[in-house]
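This document opens with one chain alone, in structure tokens, the form predicted alone.
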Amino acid sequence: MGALANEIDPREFDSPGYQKDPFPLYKRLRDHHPLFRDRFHNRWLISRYDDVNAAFQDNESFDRALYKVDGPYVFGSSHVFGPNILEYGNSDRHRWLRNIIAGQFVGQGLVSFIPFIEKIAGELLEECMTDGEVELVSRFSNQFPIRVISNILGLPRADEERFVGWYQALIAGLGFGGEHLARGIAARNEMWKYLEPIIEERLKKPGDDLLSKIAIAELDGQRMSMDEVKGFIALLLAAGGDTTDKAIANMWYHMLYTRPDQFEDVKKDPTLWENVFAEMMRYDAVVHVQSRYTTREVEMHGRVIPERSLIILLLGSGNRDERVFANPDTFDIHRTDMHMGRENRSARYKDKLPGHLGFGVGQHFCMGYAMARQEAVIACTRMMEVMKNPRPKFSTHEGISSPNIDSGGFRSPQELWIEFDR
């Protein structure tokens, strides 16, 4: 009976309770089923930190791509973003596309974007921080990263609202609901129709904006196709925007509701927003899962995973692994057992501490990791400068949760009301 008590019904993964609070089930997986065969959904789940990290770094055994690059599948034909690097897996095409754009979001490329980030943050705060209270999600975080990236791309400022709408439809299209996918693809096609003449103009007369750099970038004498350029823009808007959007809301939720004591420390030292970001990405990251497909049979925990099996890497579980982090269920911005600085794709740091798994590791490490951190920290810092004595409007909050299974998007509060003095 003791063994039966530790068994897991795979239908638990579809329950409202799991969407709201997956962490008890994560612990059962780590402790009793570190490699779980989910026969109901036809997949395998990996839940411990070291195993997730190892799978990320083993490109010989785990591939992100569902289809073969040289096969009959037309890449992007069934994806809401269109052709994008997420579909190309570990292939040379993925590396080629990634190398064209990755350098734009780090180093001097990132430094050149900071004025845009500061400008958009200031404008939005001036618009929404006028009444002594604000609903942070709809008035600020949903809009901020999309307005930033559209400005960096060099798109007309008059059309920012359209991009916010397209972004929301694209994100919903990542879910399982057919109507959401249909609306997402319709939004993508509408956006593509809008973008094509702009891209053609930049090809003829490139400027200093990011769209020009993407359109004319060459690697070994090759440029991206028109559809790949448009797919890249859809990916930048949706995936990049949603990560930053949710990160900002999650950071403020924890400061207001779960650790108001540590919020006092942040008020005294705003540089601690960097730590808030890192701990948020560990404690309850925006993204909790990534998928892979085995390229060969893989042995793990005394079992053999068949070739071409769907693997679910549970980042959210690995980040709460007691084998790696002390008191993992406590949100602590002063944590001394985790790397709190800027992330990197190797997950190896000079301080010898483990990092969070929120951006992935290895070849598919998030290209926009530094941009997301920079946007979130700047936004939160500027908000605290504008809002005097920020405090939750309501004494209780339903907390962070995953969205409805039919629609895409990542974990965050649905709304977050803040009161402040002016």
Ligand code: HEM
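Residue positions are given as counts along the sequence shown, with the first one as 1. For clarity, every value in this text was computed on a predicted model and none was experimentally measured.
Below, we turn to the form predicted together with the named molecule, even though it does not appear here.
Taking non-hydrogen atoms only, Phe365 approaches the named molecule to within 4.5 angstroms in the predicted complex.
Among heavy atoms of Lys230, none comes within 4.5 Å of the named molecule in the predicted complex. At a distance threshold of 4.5 angstroms between non-hydrogen atoms, Thr244 is in contact with the named molecule in the predicted complex. In the predicted complex, no heavy atom of Leu125 sits within 4.5 Å of the named molecule. Exactly one of the stretches 297 to 305, 188 to 196, 82 to 90, 217 to 225 approaches the named molecule in the predicted complex with heavy atoms within 4.5 Å, and it is 82 to 90. Proximity to the named molecule in the predicted complex, defined as a heavy atom within 4.5 Å, singles out one entry of Phe359, Phe36, Tyr49, Tyr26, which is Phe359. Among the residues Cys380, Leu45, Ala55, Met371, the one placing a heavy atom within 4.5 Å of the named molecule in the predicted complex is Met371. In the predicted complex, Leu235, Leu236, Ala239, Gly240 are the residues of 221 to 242 with at least one heavy atom within 4.5 Å of the named molecule, listed from first to last.
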